[in-house]
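Given as C-alpha cells, the chain that follows is alone and in the form predicted alone.
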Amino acid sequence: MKKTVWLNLDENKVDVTYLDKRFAESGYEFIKCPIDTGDEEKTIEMGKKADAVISTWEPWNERTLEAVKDKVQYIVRYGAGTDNIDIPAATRAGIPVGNVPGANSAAVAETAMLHILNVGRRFAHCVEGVRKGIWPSTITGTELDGKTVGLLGFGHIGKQLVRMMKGFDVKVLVYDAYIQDKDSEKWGVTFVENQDEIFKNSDIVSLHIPLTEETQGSINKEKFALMKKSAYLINTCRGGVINEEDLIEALKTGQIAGAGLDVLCQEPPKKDNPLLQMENVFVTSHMGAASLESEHRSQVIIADCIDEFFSGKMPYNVKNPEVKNS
C-alpha cells in the first residue's frame, strides 16, 4: 500500500519542490496541509491520514500521539528543535521522532551574528530613519572588536557562530553543561565552569540552548542582575528560555543595554508586547533558519530519513531509538 506523508507547511510560503520530486520518485502520497499552531483536533485529523509526519508546530502530546499511534509510524521535525513533541509520550506510543540536526545551524548563526552587530551599531535604526527621509540617521554605536562574547550552549549553531566571529578581535566564553570536548585551543574559545561566569563577564550574551523543563524561563532577573549595564542579550534559540517580564524590567531600568531577539515567548506576539516598542530592542520574526540553503539541506535529510525508515531501518536522526525494542 502506498505510504502517505503529511507536511504541516504552506507550500506557497516554503518551496518544497525537492520533496515533491523525492516523494514522487519513492511512490509516496504527499499531503501538504498547514494547520494552526496548537490545534489538537486538526493534528489528530491529519495524523490519522499519515504514515509519516513532517512536523512544524502542531502539538504532539499524550492525547494527540495516543489518537494517531495506529497510523503514524514516524515523525520528523522540520528543524532541530523538538519542543512541540512530547518525546517520552511518543516513545510510549511506539512512534520514533527525528529532527534535522545541523541543517539550519549556519543560517541561525548568521542571524545571531546580524543581531550581535546590530545591537552595537544600530543599523536597523539607520535604515529605518533613511527610509523616513531622515539624513543623517546615524546613532554612534559600539564596535564588536575588543568585546567579550559569551555563548550559553555550544552545539552546531554555537560552533558556526564562533567560526563567523573569527574575523573579529573578540574573546569568546562558552558554557555548555553537556559538551564533552572542551579543547579550548581546538575551538578557539574559553570554556567556563558555570553559567554565571558567562553573564558576569560578557559584553554580549548569545543564547543557544534547547527549550526544556529545566531551561524554561531560566534566563531571568537573577541572570540579568549579573550582567554589565553595557551588555546586550541575543536570543536565536527559543523565546521560552527567557522570563520575558524580567527581561522587560531589565531593559526598562537599564540593568542591561539592549537585546536582539529572533524568538519570543508568544509567536506571533501580541501588539502590546513592550519589547516591540523599545528603542533598545530589535525583534525579528523567527527568521533564523529561513535561508534557501538551509531549507534544501533540511529537505534532503528529511527525504533520506523517511526513505530509510520505510525501508525498515532506524534513521540516524531518531531521538528515541529505544522505540524499536519497545
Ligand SMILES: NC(=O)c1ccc[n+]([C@@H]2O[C@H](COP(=O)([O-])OP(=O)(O)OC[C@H]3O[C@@H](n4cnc5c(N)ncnc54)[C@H](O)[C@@H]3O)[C@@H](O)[C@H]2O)c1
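All residue numbers are counted from 1 along the displayed sequence. Please read these numbers as outputs of a predicted model, since none were measured by experiment.
Absent from the display: the form predicted together with this ligand. The rest refers to it.
Proximity of Asp176 to this ligand in the predicted bound form: non-hydrogen atoms within 4.5 Å are present. Taking the partner from the other structure, this ligand in the predicted bound form has a heavy atom within 4.5 Å of a heavy atom of Gly155. Though the partner is left out of this view, Val108 does reach within 4.5 Å of this ligand in the predicted bound form, counting heavy atoms only. Residue contact with this ligand in the predicted bound form: Glu58 places no heavy atom within 4.5 Å of it. For the residues Ile95, Ala231, Val119, Ile209, the 4.5 Å heavy atom test against this ligand in the predicted bound form is passed only by Ile209. This chain is drawn without this ligand; in the predicted bound form, the residue among Thr91, Thr215, Asn243, Asn84 with a heavy atom within 4.5 Å of it is Thr215. Picking from 184 to 192, 128 to 136, 233 to 241, 142 to 150 the stretch near this ligand in the predicted bound form, with a 4.5 Å limit on heavy atoms, gives 233 to 241. If you take 246 to 263 and check each residue for a heavy atom within 4.5 Å of this ligand in the predicted bound form, you get Asp262, Val263, in sequence order.
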